[in-house]
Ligand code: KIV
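Take a look at this single chain in structure tokens; it is the form predicted on its own.
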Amino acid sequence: MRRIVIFDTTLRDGEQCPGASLTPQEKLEIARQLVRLGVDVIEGGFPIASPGDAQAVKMIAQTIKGPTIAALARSLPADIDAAAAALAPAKKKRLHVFLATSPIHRKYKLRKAEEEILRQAVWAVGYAKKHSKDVEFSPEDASRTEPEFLHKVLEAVIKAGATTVNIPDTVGYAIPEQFGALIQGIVERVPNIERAVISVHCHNDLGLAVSNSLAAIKHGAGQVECTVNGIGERAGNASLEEIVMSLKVRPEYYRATTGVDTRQIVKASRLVSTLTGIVVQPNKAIVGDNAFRHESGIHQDGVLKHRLTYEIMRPQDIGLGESKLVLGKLSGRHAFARRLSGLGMKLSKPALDRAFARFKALADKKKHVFDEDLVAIVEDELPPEQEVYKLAYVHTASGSETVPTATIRLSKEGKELQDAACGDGPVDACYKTIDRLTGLSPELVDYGLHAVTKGKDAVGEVTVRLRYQGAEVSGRGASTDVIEASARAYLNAVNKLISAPTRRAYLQRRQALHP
């Protein structure tokens, strides 16, 4: 197994992603997580670019122990001096200098001939070497550079003292087979290549950054430059988590490993996403919200029988909990029953069949079915409760200059009970009055209101969730008067709390299983 060096450039190239500007303190916070992640090199920034970048690199160099701290510089004296000054406090430091080598860059950007480029590259490495023993050289746009000239440049900079030679696919132009052959050519045709580590830095303009990086590893690259979540210039960089997990999942193919603690991947991903404001797409490999979620009934059934049927990685390996079976219209009976069991719900086969049919009908109407929906479905399949209290009358008074008050009359076993109470609003007053009449004071966990029909006379449906003495139940009520609907929903939930012993036993058992 070859040990691949993970060079993280989240704080330098990753920050070049539009809208991803980081403060020095935020860069330091991410750097600390990169240490926990176990990367080998942290590129802190481009010091000549701004005072803030220089400050960030210096803070990281002063604080971070363990990884090598790198800073980027063009092949110019002022750039190299600025990078060296920022890196001065680091125990382990690397100066990373670059110079474009491709024909299009030579002609239109630098306006220099090959020999001028060669002389400047050699000079830059020699000058950087005065500040640091560890010097990395990048021939910018290497993938579009003539191989013969590229080999000549690499040989010269290694002779000048470069310890790492980085091959950037700067504009994401390369194709995996081509890029792998480029690396293979460097291994075979640069005479002194054994004196330096071959690195690669791939961009994702064609969506091939990770593929190109892995092809390079297969053909001899010993270092990969990458970013957390694949953020970076334009379409981004090679994704650190995708490269690391590819090597972890397919060791027999790549015969390579890293020093990354993969259990820290999710923490790093979320921290970078939070601080940069760049949201991770749901279907992003490894760290996307859907990466370990299964909705298809066939897939869910397979995963429940044996995880490897549809999962090539364990979510725990990247710092997540269990895989999630997302309940939707494609879900099957096996996943439905497993979710109910996980919620502490046990139904007979006939009741399960009825609940599953209702679940499928509901799933056709909404994308995802949540646990609260399942509770409501299953409660209807439990032994029917006696409706202890019935709402006979409700009247409320409220206004900007009036204390909200509710008067409620309930019927119980043929007798009528009536009381009134004040509250923060008419709904709160209703609920306090019902509490006085029933002798209960449950906690209102959730309250929701939506229109069932259209128009000014729409029917409003209220849903509530109450918690009382370890039990939690839902209640529903509907009326064209939302205050009445609110009272009916609350009373519906109260009846569930105080009715049939079988229901109470069930609710208490469920709460004991899932406090």
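Just so we're clear, the structure is a prediction, and the values are computed from it rather than from any experiment. One rule holds for the numbers: they count along the sequence shown, beginning at 1.
We do not show the form predicted together with the named molecule, though everything after this point is about it.
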Checklist entry - Among the candidate residues 332, 426, 180, 168, which is the single one with a non-hydrogen atom no more than 4.5 Å from the named molecule in the model of the complex? => result 168
Next on the checklist: Under a 4.5 angstroms heavy atom criterion, identify the one residue in 408, 72, 272, 125 near the named molecule in the model of the complex.
Outcome noted: 72
Next on the checklist: Please pick out the stretch from 145-153, 356-364, 409-417, 199-207 that is in contact with the named molecule in the model of the complex, where contact means heavy atoms within 4.5 Å.
Outcome noted: 199-207
Checklist entry - Is residue 15 one of the residues lying within 4.5 Å of the named molecule in the model of the complex, judged by heavy atom distances? => result no
Checklist entry - Does residue 140 reach the named molecule in the model of the complex, with heavy atoms at most 4.5 Å apart? => result yes
Checklist entry - With a 4.5 Å heavy atom cut-off, would you call residue 336 a contact of the named molecule in the model of the complex? => result no
Next on the checklist: in the model of the complex, does residue 98 come within 4.5 Å of the named molecule, counting heavy atoms only?
Outcome noted: yes
